[in-house]
Each structure stands twice: as C-alpha cells, then as structure tokens.
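Below you will find one chain, with nothing else, as structure tokens; this is the form predicted alone, and questions on how it binds or moves follow later.
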C-alpha cells in the first residue's frame, strides 16, 4: 500500500525540565523533574498522522550517536521506513531543551545538530517516496532550500502540500505559491504578514495578505482560542476543545498530523480541521511530545463526546 502522507522534517531528542515557574535572566532555579522523550516537528507530525491511521513515510536526519541510533530504532518500530531516516557520522542528533511550568506553558531552546544537514541530495535519493502520495507535510526546522525542493517535488507528483512555518522566518513568494495549506500560529502569521493582531477581526486581514502572497489556503492556529481558516471561497472560525492542559509542547504538531490525515482521507475541509483540532487538544492532556499524541481510537471517542 503506497504512503498517503510524506513528512519532511526534523527529529530531536527532547529534554523536558518541569519547573515551578520560568526563571529570570541570571537566576538559577531548581527543576522538579527531568524527562527525556523523542520529538522534533517532522518526527512528531509523522508519528501523529501514523497514530491516527495514515500510511506515512518520513525523511529526516539523525546523528550517528547514541541518541540517533536509539531514535532510529524507535521510529522503525513505529512503522516508519528506516531507509529515509539518515544517520550523520559528522554531527550529533538535534536536542531540544524544554522548560515546562505548572500551567503547562513551555519555553524551548533547540540545538539543531543533524537537522541542519538534511539536504536536497537526500531528497534526490528517494524520488519514489514522492510518487502517489496524497499529502506532503514540512516545517522550517531544516534548511530552507531543502523545504523548497520538497515542496517542488511534491507538486510535481500532484500531492497536496502543507507547510507549518515554524520557527518563523521570511518566506519567498515562490515557496508560498507551492503551498496549498499554510498553517502558522498567531505569532508566525503576524511575522509573515507584518500585521498586528489586536482583536480577532484582524485574522481575516492577515489571512487575506497570505493568500495574496500565493498560498491557496490559510489556517491560523490560536491555541486555547481555536483556529481561523480562510481561502478565496470560505472562512471558518473554530473554537478549541476544552480540556485539562498538562503540556502544550506538541499540540501544534498533533494538529498538523490530524489535518494531514483528514485531508489524505478526502474529508471536507471543516471535518479535516475538526480532526486536527481534536488531536491538538488531546495532545495537551499528557506530558511530552510523542507520548502525548493520540491514537485514532482515542480521537474518535473524544469527538463522539461532542
């Protein structure tokens, strides 16, 4: 069975420090707990879609160190093809240092390591992965030229392209014109458009600006305030599900995986958005990135309650 979703992106090992509060510059505080889990936006989004029932392939690069070797075994065990999970002998695996406070909010610092060396040549080794896919997903934790090449290859083979512009950086009109769905959060949308969000009525203006830059569809995620969707034909406002928040770390990645899964199954846009919205909400109810990603059974049971 061909893969319905191809994810191109980063893989990190996350070191999570639970802290009573965020410290001030120059201040030392004591963490309550340290947890080590697998993360990185690319791997998170691939695992999110996989757990929701999609056939998924992942192109990523790890260091050929203890972290990278164990992570590769883990991804393989989860059903991802190890041939496109490269091990780099020259640089270490990417590491993310995550501070998590008692409210479930986080601060993250990333040392990208091997993610910075995921190259265009890596993509050229595996053109068969791009054939017959329905949805292509990527982010910006890997080199920008690799992202752009991935979008080009996906469009060449007729796939629907999803770009999560995180971490935020300027995007060319060429890149945006290759993007069927752009999924920024509130801050990323402001950075990309140069517009400030003072009230929610500014969201349509921001989305319209992005559409004029070449994007086909815009989904602005708003955390606990839900999301806003716009294309040339319709607008959708969707509230967030009310849940008890433990850790917001992978909520955006869970949303991406859910949206990609819904679109790959041909769901109407509102239903695909609801699928992603529910996945993102469920991910906030558990600690860690990938450990928090919901299964399809969990998501369907959750949606039935609403």
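Numbering follows the first chain given and starts at 1. Values in this document were obtained by computation on a predicted structure and should not be read as measured data.
Heads up, the form predicted together with alpha-D-ribofuranose isn't pictured, but that's what we're talking about next.
When contacts are judged by a 4.5 Å heavy atom cut-off, residue 62 does not count as touching alpha-D-ribofuranose in the model of the complex. Although the partner is absent here, residue 215 lies well away from alpha-D-ribofuranose in the model of the complex, with no heavy atom inside 4.5 Å. Among residues of the shown chain, residue 98 is one whose heavy atoms approach alpha-D-ribofuranose to within 4.5 Å in the model of the complex. alpha-D-ribofuranose in the model of the complex is approached by residue 40, whose closest heavy atom lies within 4.5 angstroms of it. Note on the interface: of 26-34, 40-48, 237-245, 260-268, the segment with non-hydrogen atoms within 4.5 angstroms of alpha-D-ribofuranose in the model of the complex is 40-48. For the residues 108, 149, 197, 222, the 4.5 Å heavy atom test against alpha-D-ribofuranose in the model of the complex is passed only by 108. Heavy atoms closer than or equal to 4.5 Å to alpha-D-ribofuranose in the model of the complex belong, across 4-37, to the residues 12, 14, ordered by sequence position.
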